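Next comes just one chain, in structure tokens: the form predicted alone.
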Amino acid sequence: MLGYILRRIVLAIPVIIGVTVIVFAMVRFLPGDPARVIAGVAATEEEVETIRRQLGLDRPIWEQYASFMWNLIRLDLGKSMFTGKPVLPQLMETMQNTFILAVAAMAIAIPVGIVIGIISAINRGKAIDQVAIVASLFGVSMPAFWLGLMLILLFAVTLRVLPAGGIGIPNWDPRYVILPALTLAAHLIGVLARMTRSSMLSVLGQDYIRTARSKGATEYTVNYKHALRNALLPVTTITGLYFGYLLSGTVLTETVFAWPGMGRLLVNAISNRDYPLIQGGVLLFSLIFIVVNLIVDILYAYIDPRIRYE
């Protein structure tokens, strides 16, 4: 198992290097001049050139990339072009907020979605299966901004039991997490329910399931000890990818609920052509997905020993 994990880590290194190249080039190809944005429309060309020189944008591209990589090795992502503050602390602060929201959404979605999928598969064709299919379709289809506004209207405006938005600073209140977490969880609940149902039905039709039943195994043993574990591989993939998506910032949900997370920070950085902040944010997103995929691969090997042996 250790050798398998080490191989996956080694394979991730060239991916990270490739990501740094793509991120650096992508930011440089964005339309607009950050020096002009900082200086303002009334600035002269001399003033714009001075700012460009101060930011190091007048140097050759290869020299800028070498400087970027050297600073990255030292965990120095530079300073924001607009606030003048170091990029890494800003990313960590907003990342903490997004992490809280993502974990809360996953804590709701994973058990609810998987349970709905299992119940739906076991009761295929029955009324409860039809209800579960409609409910999961609702969760998948509803746009986050619409569902968020409906939850605010119901729980914050009409019932007045939960806050409409914000994060509860300075005295953090867990009630502020509930509505945005439910908004994010709704889509994943629908996806997991449909995926679990489909995977369970596929496994329940296998020969070894019929063999287990013919040997007198109870339905509980067949469904939960034999079928469920083998049905979890595609569910694990979806869960891991979706968690990476949540950690990379959910702009619409954070905007609706005024949640100061990674998505809003990066959108503002793109609007301002803030190169260091964009580079740091996208690089952090990429690293998150690489780590999440590594964890999913390890879970694969744990769930299915055949992968580890290969």
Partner chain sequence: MKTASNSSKDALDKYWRREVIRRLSKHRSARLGVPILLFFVIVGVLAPFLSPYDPIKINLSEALRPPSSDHILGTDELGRDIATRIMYGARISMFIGFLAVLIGLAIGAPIGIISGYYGGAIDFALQRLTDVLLAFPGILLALVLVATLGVGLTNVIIAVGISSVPVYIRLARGQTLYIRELSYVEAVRALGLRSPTILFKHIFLNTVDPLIVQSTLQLGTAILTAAGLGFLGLGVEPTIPEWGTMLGTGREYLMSSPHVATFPGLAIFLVVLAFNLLGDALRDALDPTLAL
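Positions refer to the first chain, counted from 1. Please read all numbers here as calculations on a predicted model, not as lab measurements. So that the term is clear: the rigid core is the largest set of C-alpha atoms that superpose within 1.5 Å between two forms.
Quick note: we don't show the form predicted together with its partner chain, though the next part is all about it.
Asks: Please pick out the stretch from 151-159, 106-114, 204-212, 222-230 that is in contact with its partner chain in the model of the complex, where contact means heavy atoms within 4.5 Å.
Replies: Looking at the other structure, the answer is 151-159.
Asks: Each of Met142, Ser271 and Ser286 within 4.5 Å of its partner chain in the model of the complex, by any heavy atom, yes or no?
Replies: Yes: each residue has a heavy atom within 4.5 Å of the partner.
Asks: Going by heavy atom distances of 4.5 angstroms or less, which of Asn71, Gln130, Thr218, Asn123 would be at the interface with its partner chain in the model of the complex?
Replies: Here the answer is residue option Gln130.
Asks: Counting only non-hydrogen atoms and a 4.5 angstroms cut-off, does Val267 reach its partner chain in the model of the complex?
Replies: Answer yes; at least one heavy atom of Val267 falls within 4.5 Å of its partner chain in the model of the complex.
Asks: Can you work out whether Ile61 and its partner chain are in contact in the model of the complex, taking contact to mean some heavy atom pair no more than 4.5 Å apart?
Replies: Ile61: no, not in contact with its partner chain in the model of the complex.
Asks: Considering only heavy atoms, tell me if Leu137 and its partner chain come within 4.5 Å of each other in the model of the complex.
Replies: Although its partner chain is absent here, Leu137 would touch it in the model of the complex, with heavy atoms inside 4.5 Å.
Asks: Residue-level question: is Val19 within 4.5 Å of its partner chain in the model of the complex, judged on heavy atoms?
Replies: Contact check for Val19: yes, within 4.5 Å of its partner chain in the model of the complex.
Asks: Inspect the rigid-core superposition and answer whether the C-alpha of Leu241 shifts by 2 angstroms or more between the shown form and the other one.
Replies: It does, since the Leu241 C-alpha is displaced 2 Å or more between the shown form and the other one after the core fit.
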